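Presented as structure tokens, the chain that follows is alone, the form predicted alone.
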């Protein structure tokens, strides 16, 4: 199986949100409540697509394909030295797609002078990031749009 990672195109924002949702619903249910899942998912509404297109944080977004099929997304915010997102749908999980996304994000960060990346890892992704050299710095939580608090881990890695 061939994994490729490329920049996300502007016309793929709906696909971005669809992969995000498939990854959460398919891989996080063993670690989070249904309320957490519902608050975490970003529906592909016109308003959410518009907000994603505005890209206020200037995310650099990536798409991972497995044998030509889109299965993963990633995002980097250079100004914050933040690995913002890596999500892989169930059909792409454990096939190198997530690792390939992280490698592309780290390479882009290094190429832009970033020396350390930080991230918020969901409980289901903590071991994945640890295996790639990220260290846990604090157990924390984020408040989701529906008001639920989602537990996770702050992590970082020197590049």
Ligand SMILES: CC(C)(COP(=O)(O)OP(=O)(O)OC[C@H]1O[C@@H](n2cnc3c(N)ncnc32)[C@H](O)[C@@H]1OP(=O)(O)O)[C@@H](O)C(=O)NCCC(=O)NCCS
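Positions refer to the first chain, counted from 1. Bear in mind that the values here come from a model prediction, so they are computed numbers and not experimental data.
The next section is about a form of this same protein that is not shown, the form predicted in complex with the named molecule.
Visitor: Identify which of 108, 48, 55, 124 has a heavy atom within 4.5 Å of the named molecule in the predicted complex; exactly one of them does.
Guide: Answer to the contact question: 124.
Visitor: Is it the case that residue 69, even though its partner is missing from this view, gets within 4.5 Å of the named molecule in the predicted complex, heavy atoms only?
Guide: Although the named molecule is absent here, residue 69 would stay clear of it in the predicted complex, with no heavy atoms inside 4.5 Å.
Visitor: Quick check on residue 118: any heavy atom within 4.5 Å of the named molecule in the predicted complex?
Guide: Result no; residue 118 lies far from the named molecule in the predicted complex.
Visitor: Within 4.5 Å, heavy atoms only: does residue 86 come near the named molecule in the predicted complex?
Guide: Close contact exists here: in the predicted complex, residue 86 approaches the named molecule to within 4.5 Å, heavy atoms only.
Visitor: Looking in the predicted complex, any heavy atom of residue 133 within 4.5 Å of the named molecule?
Guide: It does not: once the named molecule is placed as it appears in the predicted complex, residue 133 has no heavy atom within 4.5 Å of it.
Visitor: Residue by residue through 87-108, which ones have a non-hydrogen atom no more than 4.5 angstroms from the named molecule in the predicted complex?
Guide: Residues within 4.5 Å: 87, 88, 92, 93, 94, 95, 96, 97, 98, 99.
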